[in-house]
Every structure is written in C-alpha cells, then in structure tokens.
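Take a look at this single chain, the form predicted on its own, given in structure tokens.
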C-alpha cells in the first residue's frame, strides 16, 4: 500500500468542506484516511488501485463515486506526428525488452503539479512497478530531445552521461557504484553484459533504465511545456496500462496526449485508451452480494464507479487505466463499493454446524512449527507457474511432461505447478543479494492430471532448501523433522541410492527418501548447471516429499 498527500485547500475546493461526512465517504470509497493536518490530507491507496496514486487520478474517480461526474471518462488522443517514433533494438530483448511511450503537450506546470507528478512516478515504481523491477518510468522535457528515440543496450563502459542531480559524467558501472539510485537498484542489472539506454537522434543518452535519467535531458521544471514519457519493463501489457495512468493524469492537469509509433519489427502505437469489455450478469451479482438490484440500479452503481454499462448486451466498458479489473467478480466488487458496505444487512446463515480445526491443517501447522524452530523461513508461492521455470531452467527438456494448462491466461503463469522444488530455487534467485545463509521451506499443493477419472489430482508436498548447503546438512534437517513427529531414521525412514538420473541433482549426491517402504521424495544437492540457470551464487541442497501428511492422519 502507499500513502499519498493532498493539499487540503485544493481538496476542499474540488469536494467541499473536509468534514466527518466527507471523511466517511472517502473511507467507504476504499481509500482510508491515514491522517490529516491543517494543510495536508494523507490517504492510503491499496496496491490494486495505482490509478489513484495522483491527485488527478483520485479526483476523477472520487467525483464519479460521489455521483458528480459518472460514467467512463473519455479523453482526446492525438495521432503520432512526424518523427514521433521509438525504435526498439533487438539488443534489449533479454535485458528489458519492452517500452510504452507517449508525448504530452501544452502543460502548465507549477511546483504543486511537479510534486504530484514526481510522487505519482515514485509511488507507481514502488507498487505496480515492484520497486522498478516490473516497471520503470522516465519523464523528459521534449524541447531538450531530438526525435526519434532509440531504445537499445550497450556495454556499461560505453555509457557516459551526467546522472540526475549530479555534476560529473559517469559510466554505466560508475552510476551503479556512486549514484544513490544506482546503489539502490544495481541488483536489477546484476549479471548483465549490456545495460539498456534511451538515446535520441543527437546521440544524447536520455536515461539508463531502470536506474536514472540524464541531468541534461531528464529534469522537468515549471518552464517545461511538452514532455516525453517512457515506461520500460518485461510485461508490455502492464507498461501500456501504466502509461495510460500517467497520460490521463497529465491530461487532467491540462496536457494534450499524443501517441507514438513503437517499432518492434512490427509497429505498435501507444498510448491506447480503448476500454476493456467484460460481461456481467445481474443474477450473479445479486447472488454474490446477497442483495436484490434491478437492472437500472445496477447500471447506476456501475457508472458511479467510472464504468459504462451496456444494458442491451450486458457488458461493462472498463477504463484502460484500471489494472484491478480482470473478471466479472471485480466489477461486482465495484458494485458493492458503490452500493455502500454500510448498507449491507448482516445475516446469520441458516446452518447448524460445530466448527473444529481440520486434522490436516493441525499436522501442517506442527510441521511448519518444527521447521521454523530450526530457523527456516516459510514461503508461499503461487499455484500457477510456467514451463520455462519448471522445465527449461530445471534441465528437464528431454523428459516428457504433461501439464494442466490455464486457458487464456492473462500472465506468463499459465500452468499448474507439479513440484515445489523449482519455486524454492526461484525464491533464492530473487534474493541473491540478501544475507546468507538462506533457509526456506514450503508446505503446499501440487497438481497432476488423472487421465482415468478425467480430473485433477492434488497432492500436499513439503519442500525445504538451504544455501549454502550440502547433502549432510539437509539430511540432518529431514531426520530432525521426522524425529519430532515420532518417526526415526533406520526404521520407518530410510535413504536409498537413486536408481535413476535426476537432471537437476548432482549424480552421487542425491538419494530417494523411503518411508514405510514407499518412495515419498528426493533429497540432494542441486547441479551447478541448474544454479547457473537461476543465477544462484551459492550451492543449494534441498528435499521434497509427498504424502507424509496423509501418513500421519
């Protein structure tokens, strides 16, 4: 979540006196007030609504919620002019492959608007941008740039410019070592042979994303009228949405939006403010919310949340800057907000049951407590993964695996996970610069297809990994775990030399785990090739077992 500050004077000019009634409405909108003073109001914005991270975005949405300017707001968007082009070079493909860009003209900036723009940029970086890993934003005075722009990657020692708020030219590596932003975000370029840059037709470097802008071409002032905006990252869809949030907020400040041509081999044009269309059922809405709306009432509530409703075909037009609306249920949540949570009447369900803790959950809690007692950290990964993580990076390409795929997945996570091992390695790879040793475990479900029953079989697995680690240490952890649940090594639990080759383990440093004469898992040291695939710097040892929870019931 993020806390944003608004000028109280400006707020009261747009919404009226900041009294208790208005404060309640702000809270019921889903943006609770953190605090307020004589001059400032501090409001909490949850991660699902990055479109509210500027005063302009909040104003647009809250006015609609108050019933003053309802329905989906339409913006005028101008087509690309001459040289409004960005060439995306193939050199960025494996580094930071995508960008979405726009130009906004005729801005009348003052200190308050510049503060709003900078705050929005930084809050998006932290939330939607996942600390610049997913999205990094650059904003530049257009008068200091010669179009078209090129987005490419070059060797760090060939990158030389004066970073923002410095007076000395630095190379790409020197920026990571000496500039405050470079030190903070250096891990995002760790291990890269080339660094990405935006460069104009005069061969001026505009920025080195996701780290820092150039001081000469990347500083917006109150004299700036026209700006160039770029969002860079790994997910083009998220970048386009992020750009839509920014340009619509700037339009609210009085700017005029212009599109740009992006040349990826095939041409893309951004920004695109075409609304999404999502079907909605009145019957499903009433059933889920426990109320009895009529279609006219549903239409009014939907429009109150800044959407359009087509009663003929029963679909909702959703703003292109709303990242949180992915499904019919998300629209229903907006309907509930517009209806008012304070208007729902609590009701006790007409069922008579005696609640008690599930036996499986009791066992899982016990196992978790034992491993946590050893200083291990419990992690919880998504049930969805992708084949690149589970097959390519684990060197299982030759092994034919069948996956349960998600139809029309909106992200790169498009298959159900079949094991926990690859996800623990992913956790390590995302924390290579954190303090060592690192010891993690997960208790969770994996999925496989039951062809005979034409269904999906779920299994509860336990996996634990340590780095730096070896076979002896991870074996001691597993033996201790079984000892604490009353199962001793050498009796019910034994280790047997692996009878087949497991590509992600080191041959000779892997064993099968046998419990009650059945193989329940594997334990061993991860092969250096796999560590290299995940860019893990330290040796890793791990185990993964199944069915132990069922055996303990």
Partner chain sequence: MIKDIKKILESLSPNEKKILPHLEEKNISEICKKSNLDKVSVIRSLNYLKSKGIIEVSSIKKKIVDLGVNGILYRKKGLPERRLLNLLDEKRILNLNEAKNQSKLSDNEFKASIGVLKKKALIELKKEKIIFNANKKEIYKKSPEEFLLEALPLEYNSLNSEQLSVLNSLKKRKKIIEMDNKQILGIKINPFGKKIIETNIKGKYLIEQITPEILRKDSLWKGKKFRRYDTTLSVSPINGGKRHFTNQAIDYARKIWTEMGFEEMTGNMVMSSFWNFDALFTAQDHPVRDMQDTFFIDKKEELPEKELVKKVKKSHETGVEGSTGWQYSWNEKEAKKLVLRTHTTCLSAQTLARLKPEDLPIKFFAIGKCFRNETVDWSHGFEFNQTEGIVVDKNVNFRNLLGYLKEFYKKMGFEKIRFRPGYFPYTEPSVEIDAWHPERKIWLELGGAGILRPEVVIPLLGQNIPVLAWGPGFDRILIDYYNIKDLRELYKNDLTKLRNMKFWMK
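Numbering follows the first chain given and starts at 1. If you superpose the two forms and keep the largest set of C-alpha atoms that fall within 1.5 Å, you have the rigid core. Note that the structure is a prediction, hence the values are computed from the model and not measured.
Separately, the form predicted in complex with its partner chain exists; it is not shown, and the next lines address it.
Answer with yes or no whether residue 190 is in contact with its partner chain in the model of the complex, where contact means some heavy atom within 4.5 Å. No, no contact at 4.5 Å.
In the model of the complex, does residue 223 have a heavy atom within 4.5 Å of its partner chain? Outside the cut-off, so no.
Given that its partner chain is not shown alongside this chain, does residue 438 nevertheless sit within 4.5 Å of it in the model of the complex, heavy atom to heavy atom? Residue 438: contacts its partner chain in the model of the complex.
Using 4.5 Å between non-hydrogen atoms, is residue 485 touching its partner chain in the model of the complex? Heavy-atom contact with its partner chain at 4.5 Å: absent for residue 485.
Using a 4.5 Å heavy atom cut-off, indicate which stretch of 111-119, 260-268, 342-350, 204-212 touches its partner chain in the model of the complex. Heavy atoms within 4.5 Å of its partner chain in the model of the complex occur in 342-350.
Could you check which residue among 289, 162, 95, 87 gets a heavy atom within 4.5 Å of its partner chain in the model of the complex? The residue from 289, 162, 95, 87 that makes the contact is 289.
Please identify the residue among 411, 310, 281, 150 with any heavy atom within 4.5 Å of its partner chain in the model of the complex. Contact check passes for 411.
Can you tell me which residues in 358-382 come within 4.5 angstroms of its partner chain in the model of the complex, by heavy atoms? Residues within 4.5 Å: 358, 361, 364, 365, 368, 372, 375, 376, 377, 378, 379, 380, 381, 382.
After superposition on the rigid core, does the Cα atom of residue 259 shift by at least 2 Å between the shown form and the other one? No, the C-alpha moves less than 2 Å.
Once the core is superposed between the shown form and the other one, does residue 468 show a C-alpha displacement of at least 2 Å? The answer is yes; the displacement is at least 2 Å.
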